[in-house]
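A lone chain, given as structure tokens: the form predicted alone.
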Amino acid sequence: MTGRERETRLLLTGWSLHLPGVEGFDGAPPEKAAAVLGRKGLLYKEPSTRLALCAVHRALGFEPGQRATGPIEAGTAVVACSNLGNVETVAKVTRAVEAEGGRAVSVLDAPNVSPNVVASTVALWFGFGGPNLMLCSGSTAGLAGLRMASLLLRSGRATRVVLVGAEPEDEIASILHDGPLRAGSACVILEPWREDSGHAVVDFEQGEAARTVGPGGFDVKEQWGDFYGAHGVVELALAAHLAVVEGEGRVGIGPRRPDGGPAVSVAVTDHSDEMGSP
């Protein structure tokens, strides 16, 4: 087993919470995404895709309307988490085919039927050329995405992973979810652990946490609503905010393990004070 495979920490180099209507983390709703991303290229982009693009844009620290330039980043992977991101388009296209045949489907709608549309659009928009994965595994998709990001980095398949979660709150998605959804997105940017870098780490080992995000602590679902597939990424980005920006030091995530420790935690690095705020 290599040193990288044994390492239980990942460097967390950026994060964002893009949650329309949530105090402190408010962001542009999908129909106003141009205020963040600029107007070009948003035609026929679905709400969940727009929200995901906004979250990544903010996690990268881009200015409003700024676009990525330079060569394709072959080492940067995208892991996207969304369960119901394109179901409204799938329903719309299915109804059009049933009523009028395949010729009635817009060629601009067709790509949005792909389950991978959120992950692939993020990669194309920002020029990320590494592995591209879409997770639609229910309410635990965000934490599954974190596990996948960890495997990509530790195996050397990627040198950086953009982990993003986004979920819409349209009528079709709410019906399939059997309950109200809250539209929103979040992003964290992860790299292999290295000394003297970054402000925060994601730690998979037990550690004494000053605060917890999840049951027994700040419950995102109870306080803000159900982000479903994006839930785990929202928790992760919130933990980073609390640990670094609000000075909590270490914040646990998720239900506690039988030994009392959090499932995952986010902690500031030892030298974070020397580096100033992110």
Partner chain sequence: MAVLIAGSAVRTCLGSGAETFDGLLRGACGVSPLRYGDPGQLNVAYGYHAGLDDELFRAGRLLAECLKEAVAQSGVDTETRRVAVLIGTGLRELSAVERLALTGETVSAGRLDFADVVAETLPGVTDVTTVVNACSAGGHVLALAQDLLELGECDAVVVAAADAMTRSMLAMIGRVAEEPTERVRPFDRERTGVLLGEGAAALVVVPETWDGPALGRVAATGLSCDAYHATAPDIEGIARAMSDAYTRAGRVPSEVDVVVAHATGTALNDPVECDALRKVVLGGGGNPLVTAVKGSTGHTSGSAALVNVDVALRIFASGEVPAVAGLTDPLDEGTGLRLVIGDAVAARPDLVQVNAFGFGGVNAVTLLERA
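Positions refer to the first chain, counted from 1. As the structure is a computational prediction, the values presented were derived from the model and not from experiment.
FYI, the form predicted together with its partner chain isn't displayed, but the following is about it.
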Study note, to complete from the structure: Contact with its partner chain in the model of the complex, heavy atom within 4.5 Å, among I189, V201, A183, L152 goes to L152
Exercise for review: Check, residue by residue, if R160, A210 and P215 all come within 4.5 Å of its partner chain in the model of the complex, counting heavy atoms only.
Suggested key: no
Review point. Hey, in the model of the complex, is F128 touching its partner chain, heavy atoms inside 4.5 Å?
Key: yes
Check your understanding: So, in the model of the complex, is R194 in contact with its partner chain at a 4.5 angstroms heavy atom limit?
Key -> no
Review point. Is there any non-hydrogen atom of G179 lying within 4.5 Å of its partner chain in the model of the complex?
Key: no
Check your understanding: Is E98 close to its partner chain in the model of the complex, meaning a heavy atom pair under 4.5 Å apart or at it?
Key -> yes
Point to revise | in the model of the complex, residues of 210-229 near its partner chain [heavy atom within 4.5 Å] | key: Y228
